[in-house]
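Single chain ahead, by itself, as structure tokens, in the form predicted alone.
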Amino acid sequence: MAMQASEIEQMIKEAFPDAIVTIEDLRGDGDHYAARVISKAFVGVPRVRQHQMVYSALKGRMGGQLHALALQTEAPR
């Protein structure tokens, strides 16, 4: 079962309340998304760890309900 973009956004915002989250359905199939997440939580954190933090916020749905997520993370400027 595919996830809705709104579900992904909600889960990320629960973990990072200050986040600016942009979700794009890349194929229109509810299975392949791109996400951009900007949060103060990423200040001073290496990019790989930032991505791990977002995947953790998705509570194990990567590879199951959510097949693919192209992720871009950054701290606010």
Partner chain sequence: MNEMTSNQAANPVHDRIRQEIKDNNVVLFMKGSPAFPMCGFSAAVVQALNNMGVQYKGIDVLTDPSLRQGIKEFSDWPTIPQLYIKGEFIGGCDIVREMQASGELAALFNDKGIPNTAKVGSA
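These numbers come from a predicted model, not from an experiment. Positions refer to the first chain, counted from 1.
Another form exists, predicted together with the partner chain; not displayed. Remarks below refer to it.
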item	value
Residue contact check: Arg36 to the partner chain in the model of the complex, 4.5 Å heavy atom	no
Partner contact for Met62 in the model of the complex: the partner chain, 4.5 angstroms, heavy atom	yes
Contact test in the model of the complex: Leu69 vs the partner chain, heavy atoms, 4.5 Å	yes
Partner proximity in the model of the complex: Arg47 to the partner chain, non-hydrogen atom cutoff 4.5 Å	yes
